[in-house]
Ligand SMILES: Cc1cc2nc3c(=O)[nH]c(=O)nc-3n(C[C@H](O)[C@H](O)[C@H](O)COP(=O)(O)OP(=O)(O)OC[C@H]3O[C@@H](n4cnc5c(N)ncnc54)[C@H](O)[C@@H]3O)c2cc1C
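A lone chain, given as structure tokens: the form predicted on its own.
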């Protein structure tokens, strides 16, 4: 739909202020001291009442969002006394839980290193947040760049609490990741001389963002998925099951991870997988809608990997910090929360308020940018209200063609153009309305540089692991993280599988967990992992539908509760 009359006056102000903004140039970056004060006051991570301490488990005493804390302390979906572990359905070297970029890379590298691999995919093979990644993948491969400079950028963006060894691995592996993806078939954007077309991004001091227009993650996932299928067709040892998420890990009597229980989402039939190593690559938690925020995440992003790892004794790190992307769509309501890639701002679009005034540099680090937007709307009252009650700010996308020449928007941002074009909004001629949206899980499972966890036989890669990005991730470091630690996890898991001797399979850790829940008085916590959110109107029961879980106490969209199935 085009913009309603109630928003047209504000849109006109944006158009009228462009000449003055062009003449004046961009605002200066916010000084470090002011930046810290801004984030502390306005970023959602600093709302103390929205967090609580974990009461049981290996990270007892640490803080997590209310929604995530309840999942982490939830009861298992299985009754351990009714599961026959002698009836093994799959017996493999490496089980990979999840198949986005990290899971796919793990599977490929594990197979290359001699492992027999099974992938458990909650939805279809490749359905993951990876396919929604738009802007690009960072890699320090230009003459004026280096791993040291990339390292300092990543550490600074993460507020210097990143795990140094993980950041070192991230930046050192980055050039090879770009070459590896290109060898699989990724069509990187190139300059006429065949060098990589690279842009800068918020918090980056060099141009190192490699892209495929504005559908980079989709292109990366295309080749990963094709490679998995081709290897399967040609007799290689990699296979997968779809719509069968892992609902519980299996241990052995030596304290090693030894597989997982999968559940068919349609029939609820359980599958027993014995594996010498397990890679958790189950992605993030956007669909828990922390603090009621809309999200960029796909429907399967419900923190399952955190729950599974935590229940077997793996600690978590930085679980009190999430990333709210500064530019999620605020209008039209059909795409509320959808990602508007940071690449729009790297190309020259400015964020302005309802009066067309620039109030923040467009390429501040994401937590700073999001905090400035929240301040502009909530404290200064200079946002733009939509007919559905949302508030947003203008991302002045026509500035791109003004600065870089006619046709730049269409050439560089074809996916974005289509996304808004469906609603008769031409972003090359009209600004788009945005507001921060829940985007990324900064924290997660504790890992070492080889992607191993403190629990023997368990590895983690991608968004579900923590420590790489500290308290705030920079643009393009997430897709880099997927492939750096996905590949490392696959290699390390295959090596572990060659050497380990599994003992007798057991679910004693579930029994122990259930005792802890009872002793802590947490019997009323929801069953977890969540698996999928249900946005159906809970006041209108669907005939024949019987939920698998409980109704969430959180109602992020007014009276439309999320039911965990």
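All values derive from a computational prediction rather than experimental measurement. Residue numbers count along the first chain shown, from 1.
There is another form of this protein, the form predicted in complex with the ligand, and it is not shown here; the text below is about that form.
This chain is drawn without the ligand; in the model of the complex, the residue among 94, 489, 128, 445 with a heavy atom within 4.5 Å of it is 128. Listed residues 246, 316, 400, 413 were compared with the ligand in the model of the complex; 246 is the one with a heavy atom within 4.5 Å. Site residues 321, 352 and 472 are none of them in contact with the ligand in the model of the complex, judged by any heavy atom within 4.5 Å. Residues within 4.5 angstroms of the ligand in the model of the complex, judged by any non-hydrogen atom, belong to 120-128 and to none of the other stretches in 120-128, 446-454, 142-150, 75-83. Proximity of residue 288 to the ligand in the model of the complex: non-hydrogen atoms within 4.5 Å are absent; the residue sits far from the partner.
Among heavy atoms of residue 298, some come within 4.5 Å of the ligand in the model of the complex.
Residue contact check for residue 304: one or more of its heavy atoms lie within 4.5 Å of the ligand in the model of the complex. Proximity of residue 440 to the ligand in the model of the complex falls within the 4.5 Å heavy atom cutoff. Scanning 130-156 for heavy atoms within 4.5 Å of the ligand in the model of the complex gives 130, 132, 133, 134, 135, 136 in sequence order.
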